[in-house]
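As a starting point, one isolated chain is supplied in C-alpha cells, in the form predicted on its own.
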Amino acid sequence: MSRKPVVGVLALQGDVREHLATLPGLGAEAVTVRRPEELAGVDALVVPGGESTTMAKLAARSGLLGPLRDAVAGGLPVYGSCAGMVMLADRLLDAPADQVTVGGLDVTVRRNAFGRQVDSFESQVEVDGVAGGPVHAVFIRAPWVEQAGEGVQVLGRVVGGSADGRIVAVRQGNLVATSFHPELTGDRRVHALFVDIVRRHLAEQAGVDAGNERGTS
C-alpha cells in the first residue's frame, strides 16, 4: 500500500503516550481516539493498559462503546494490552457485576489474575509470530486468559512459577491481545506484528474494492 496506516490509540485513560510513541517508528501514523468521529477515521486501534472499569465507563459516557463494538464486529484490527485485553474479552471473571466490555475475542479473561500492584513482575515470554527470541514482558495488575475459544490462536504462555502455562497473548482474526505491556520496554516487536496485520487487512480491502470496481465497470 502507498500510504501509512492510521492507527488510533484509545485515549480515555491509561498509558496512551507510550503507544503513540511506539507506532510511528513502525511506519504507522498514530492518532488519539476519544470520540466516535475520530474512531471512524482510523484503520486500526490500540486499546492501552490502564484501569478497565474506568475505561469502559468513559467509553460508554462518551458515546464510544457502541461504535467500538460495531467497528470490532466489522473487522477493524485492534490490539489490546493489559486492560485492553479485558476490554476485548467476551467474558470476564473477578469483575464488577456491571462491568461492560467491547468484546470480540472469544475468551474468558480473569482480571488482576497475577495479583495486586505490589505483585507486578517482569518475565520472558515466547510469542508466536515474533522473531528474535522471547519478549521481555512487564505484568502490572495483569489479567490472563482463563479459557480460549476454538477460533482463538494462543500466541504466548507464562513459563515457570506459580502461573506456569497461563495464556498471556492471543489472536483471533484481526484482534490481538496481551496481558503484558510491550510499550513500556522499548521492544516494538509485538506492535510490529500488529501493524503487519493492519497492512494485510488494508491490502485485502483494497483488493476487494478493486474487484468490485472491475465487476461494475
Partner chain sequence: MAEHRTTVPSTTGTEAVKRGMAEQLKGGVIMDVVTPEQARIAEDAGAVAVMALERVPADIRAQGGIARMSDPDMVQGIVDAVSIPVMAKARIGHFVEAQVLQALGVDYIDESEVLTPADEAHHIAKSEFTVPFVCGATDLGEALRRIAEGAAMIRSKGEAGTGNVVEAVRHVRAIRAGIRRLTTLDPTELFVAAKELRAPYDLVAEVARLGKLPVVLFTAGGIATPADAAMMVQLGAEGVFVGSGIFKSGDPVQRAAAIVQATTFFDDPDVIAKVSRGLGEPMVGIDVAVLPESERYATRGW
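Positions refer to the first chain, counted from 1. In this text, all values refer to a predicted model and were calculated from it rather than measured experimentally.
Another form, the form predicted in complex with the partner chain, is not on view; read the next lines as being about it.
Shown alone here, L12 lies within 4.5 Å of the partner chain in the predicted complex, counting heavy atoms only. Using a 4.5 angstroms limit between non-hydrogen atoms, V159 touches the partner chain in the predicted complex. Proximity of E29 to the partner chain in the predicted complex falls outside the 4.5 Å heavy atom cutoff. Put simply, G115 is close to the partner chain in the predicted complex: some heavy atom of it is within 4.5 Å. Residue-level contacts in the predicted complex: of I140, V145, V135, V72, one residue has a heavy atom within 4.5 Å of the partner chain, and it is I140. Partner contact region in the predicted complex: 50 to 58, out of 167 to 175, 50 to 58, 188 to 196, 148 to 156, criterion any non-hydrogen atom within 4.5 Å of the partner chain. In the predicted complex, the residues of 80 to 111 lying within 4.5 Å of the partner chain by at least one heavy atom are, in order, D94, P96, D98, R110, R111.
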